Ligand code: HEC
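The chain below stands alone, shown as structure tokens; this is the form predicted on its own.
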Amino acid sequence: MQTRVGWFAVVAMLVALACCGGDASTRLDDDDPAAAAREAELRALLGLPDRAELPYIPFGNPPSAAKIELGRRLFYERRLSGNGTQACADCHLQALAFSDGKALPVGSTGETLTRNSQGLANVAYAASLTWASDGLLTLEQQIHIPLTNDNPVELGLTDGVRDSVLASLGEDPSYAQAFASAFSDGAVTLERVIFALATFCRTMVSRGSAYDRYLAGDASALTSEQKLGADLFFGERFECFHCHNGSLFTGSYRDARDEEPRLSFFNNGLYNVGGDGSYPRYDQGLYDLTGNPEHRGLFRPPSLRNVALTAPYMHDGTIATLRGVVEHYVAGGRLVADGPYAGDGRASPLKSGLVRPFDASPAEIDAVVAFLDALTDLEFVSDSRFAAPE
């Protein structure tokens, strides 16, 4: 039975398929005697802690140390934007678990985007990317969007400037050498920029929180309040774990064992415009892609690891604090009293049945917030492997 990614067993095949942009993962039989050694090699390359699963990796983009380092440089490279003013890192700050601290990000041309910048911790395990897409299933597919999108403009690497930007990178001797190390012929192409960025992002694994130490046997890693918060989080009254489950606290998850991604989208009662479950017209979640009226307000539940660092919250950044988020769910949705988006989300006909009002004391809400704070990994946000290269 096939269960493991085995990049190093089929290097020649991968190199050939990389040119074709293949998208199926490569797996290795359990009875292969070299499987454990190859898995250890891949773990070391990606910097995975022992307790972290192997991530799913598309067939056509095998990782390498040179590709990781090139991706790190490109992540911080402002020349990769159309006007040379913005890099990926400007909307994904390491100190904030690679979120940006804003309700809504601003693109390289000053255009305000419609969705909050998500943190990138453990993004290698996301079954789908962005807040509400069932079609962007790999980092390679997703990274193309912020690089090249023109409505709205993010980095602005659009058709009119793309060739000149890529040519300027190729004319830089240090980049010419880096691309030659990462790819056989050294050509600088958009596809290879994306492959390198995706490979670097797959190394952003965060498993060093107080909660992880607690799971490893350190009973003192959590305070009594945080332990109470964990009991409430995983209990049937708060029911947080139904949407935020597993090792990454999200139902949207995929690792090397998964043949298919486990997609997860919920309407959490944030809006109920017009009383029919609608969200603001500028962003109705999965509905904007599928056109299915029942998909209005469906968004992917983000991972809660490092969530204390990624405020503000929700897909549009409209809840400022973690306590506000917990209170939202205790209330069973949000009442927007007036304005163009007025409506009672608590009464939304499209809201998930898991989001319903219940009684909770202020002390219990504080405990859940304290537990969420215990998911912060301070080593991750200071790890030099993810910082800007000198």
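Keep in mind it's a predicted model, so treat the numbers as computed, not measured. Each residue number is its position in the shown sequence, starting from 1.
The form predicted in complex with heme C is left out here; the points below concern that form.
Query raised in the report: Looking at 169-177, 130-138, 287-295, 182-190, which one sits within 4.5 Å of heme C in the predicted bound form if you count heavy atoms only?
Result: Looking at the partner contacts, the answer comes out as 130-138.
Report task. Would you mind picking the one in 273, 248, 307, 222 that has a heavy atom within 4.5 Å of heme C in the predicted bound form? Result -> Of the listed residues, the single hit is 307.
Requested in this report: Scan 147, 165, 230, 205 and let me know which has any heavy atom within 4.5 Å of heme C in the predicted bound form.
Outcome: Contact check passes for 147.
Report task. Answer yes if any heavy atom of residue 239 is within 4.5 Å of a heavy atom of heme C in the predicted bound form; otherwise answer no. Result -> Judged by the heavy-atom cut-off of 4.5 Å, residue 239 is in contact with heme C in the predicted bound form.
Query raised in the report: Within a 4.5 Å heavy atom cut-off, is residue 115 in contact with heme C in the predicted bound form?
Result: Within the cut-off, so yes.
**Report entry** Partner proximity in the predicted bound form: residue 329 to heme C, non-hydrogen atom cutoff 4.5 Å
**Finding:** So residue 329 counts as contacting heme C.
Query raised in the report: Could you tell me if residue 255 has a non-hydrogen atom within 4.5 Å of heme C in the predicted bound form?
Result: Outside the cut-off, so no.
Query raised in the report: Taking 123, 301 and 315 as the candidate spot, are all three within 4.5 angstroms of heme C in the predicted bound form by heavy atoms?
Result: All three within 4.5 Å in the predicted bound form.
Report task. Determine the residues of 341-359 with a heavy atom within 4.5 Å of heme C in the predicted bound form and present them in sequence order; the list may be empty. Result -> Counting only heavy atoms within 4.5 Å of heme C in the predicted bound form, the contacting residues of 341-359 are 352, 354, 355.
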